[in-house]
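The chain below stands alone and is given as structure tokens, in the form predicted alone.
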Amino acid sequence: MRRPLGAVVPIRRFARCVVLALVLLASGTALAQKSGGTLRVTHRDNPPSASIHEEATISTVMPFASVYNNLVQFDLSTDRQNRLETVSPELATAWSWSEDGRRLSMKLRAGVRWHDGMPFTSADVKCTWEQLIGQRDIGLRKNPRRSWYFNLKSVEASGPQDVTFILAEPQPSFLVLLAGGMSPVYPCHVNGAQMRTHPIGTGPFRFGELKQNESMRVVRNPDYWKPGKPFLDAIEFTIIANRSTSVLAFGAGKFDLTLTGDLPPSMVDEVRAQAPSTICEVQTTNTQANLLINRDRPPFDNAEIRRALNLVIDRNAFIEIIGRGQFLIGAAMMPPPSGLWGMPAEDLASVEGYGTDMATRRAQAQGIMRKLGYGPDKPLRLKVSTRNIPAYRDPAVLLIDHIKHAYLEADLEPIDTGAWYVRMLKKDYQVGLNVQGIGIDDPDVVFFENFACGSERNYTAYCNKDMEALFHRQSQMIDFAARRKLVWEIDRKLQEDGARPVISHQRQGTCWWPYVKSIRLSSNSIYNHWRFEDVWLDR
């Protein structure tokens, strides 16, 4: 017999309302957002350009992601971890897969216009991804995302709001690639040169200006397809090359928000001491410090020298000194719990170069170098090149100190941001200390972008066809547990082969003042959540 619920239902509804109100207050979300104001953000260096499809740095993504939209995006309101289950609509309102998993059909949002007034249609989607896979030329100088779409054969536009991606093989992670902050839709009627200097998008903000070595500005799009958004009038990014100066300026109230993931844990402590009311989060950024070793030129065409270099690095020292104990040790994939695909700690410890007995490892490295004719009185001299910003220079200096234990004497070569990416693409280095943003925590991004033969971001020119066959095999697997097990095996082989030795996975800080509302950070990336359409100022 059913019990009468007349008196119970209102109480439960009231309780749910109270809980919802408390959640909203705790998350800093108010029921009535205020419109207006300019958000002031610190920045660290001059972005190479405003064209996200041509760049691979947060220096471009954070200030310009708000100009664009994606087909789909990660929904941080349901889960802070970027993964397949959190993919939600943006310019695509619905999608479906064919039975064989090779056709992804999408229904596009109607009534959306580019910032110059032209209508957004399926032709723009087709044009964007044909450029990325090399079937069309819209004038992009670089194409670092081409490796992401290795499995995309073609794109069909069957109507203004209907588009279908046709894959060579089933690929469960394809939607994840589309949701990343580095996968915006570009307008087909605007050439690549303009996108670098004055980009046109459909996003909540329009491009304002880019002053080289000074600042970037975006302004509110009054015709945004989401009514009432964005709330801000403008966002201004000011370049302050000295990180200590930037922190002092933020603490003094001259800025509202810091460049995301730019503050090491030590500087987060400084901010909290200087301005206790500020909100700071230290998150796993999906950036990693790794070694770029030029395998094609002497002396590092010798696998034994590469092995000695890997053996002599004390990863725990990087964790403690640079990361204040908050960085993480991992291989190519981000380690758990933030990462979905990283090897368990006990498995990683058995990989050469990851054991904790540094005395034994250094003795092995010295033995290798002595056999090759090097020693205390005859060191191997080289240059360690790196990008000329603190997040790169600091670990590079520590690296130079470590490799002395293997009779490797190095000088530091700091390189400005624009030239740094060019030098990596040209393989113009002996050893590079790189802090690399991965973008998305998925093996299809990590393996194909960094280790596939011919990939633009395969900076070390590592090429192993047998490994690449495994990359493809894991990509097609539907069962998560089985796929992850194979990913662990692949990652182990990459580390044993010295493909691109990983020193540490970074956890860095982002800070903002309490009057900045609706800042949401993910737990496994700094790249995928800077649309700024929900952010508002309560002051």
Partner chain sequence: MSVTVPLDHNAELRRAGAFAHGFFGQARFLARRYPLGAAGAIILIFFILCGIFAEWVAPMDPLTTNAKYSLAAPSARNWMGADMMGRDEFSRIVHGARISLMVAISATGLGAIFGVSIGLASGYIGGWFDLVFQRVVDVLQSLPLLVMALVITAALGPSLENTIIAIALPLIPSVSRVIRSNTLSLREMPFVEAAQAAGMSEWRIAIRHVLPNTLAPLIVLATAQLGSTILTEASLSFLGLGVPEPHPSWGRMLSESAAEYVRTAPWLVIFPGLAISLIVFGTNLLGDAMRDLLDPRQRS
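For clarity, a rigid core is taken as the largest C-alpha set superposing within 1.5 Å between two forms. This structure is a prediction, so every number in the text was calculated from the model and none was measured. Residue numbers count along the first chain shown, from 1.
Another form, the form predicted together with the partner chain, is not on view; read the next lines as being about it.
Asks: Residues in which of 398 to 406, 336 to 344, 296 to 304, 367 to 375 have heavy atoms within 4.5 Å of the partner chain in the predicted complex?
Replies: Contact-bearing stretch, as computed: 398 to 406.
Asks: Considering Gly355, Pro119, Gly159, Pro414, which brings a non-hydrogen atom within 4.5 Å of the partner chain in the predicted complex?
Replies: That would be Pro414.
Asks: Report the residue, out of Glu468, Glu270, Asp75, Glu130, that has at least one non-hydrogen atom within 4.5 angstroms of the partner chain in the predicted complex.
Replies: In short, Glu270.
Asks: Since only the chain is shown here, I'm wondering whether Arg393 would be in contact with the partner chain in the predicted complex (any heavy atom pair within 4.5 Å).
Replies: Within the cut-off, so yes.
Asks: With the partner left out here, check for me: in the predicted complex, does some heavy atom of Ser266 sit within 4.5 Å of the partner chain?
Replies: Ser266: contacts the partner chain in the predicted complex.
Asks: I'd like to check something about Ser244: if you look in the predicted complex, is any of its heavy atoms closer than or equal to 4.5 Å to a heavy atom of the partner chain?
Replies: Yes.
Asks: Applying a 4.5 Å heavy atom distance criterion, does Ile321 contact the partner chain in the predicted complex?
Replies: Looking in the predicted complex, residue contacts with the partner chain include Ile321, since a heavy atom lies within 4.5 Å.
Asks: With the core lined up, does the C-alpha of Ala157 move 2 Å or more between this form and the one not shown?
Replies: It does not reach a 2 Å shift.
Asks: Aligning on the core only, does the CA of Asp411 end up 2 angstroms or more away between this form and the one not shown?
Replies: Shift at Asp411: 2 Å or more after core fit.
Asks: Does the distance between the two CA positions of Lys229 reach 2 Å or more between this form and the one not shown, the core being superposed?
Replies: No, its C-alpha moves less than 2 Å.
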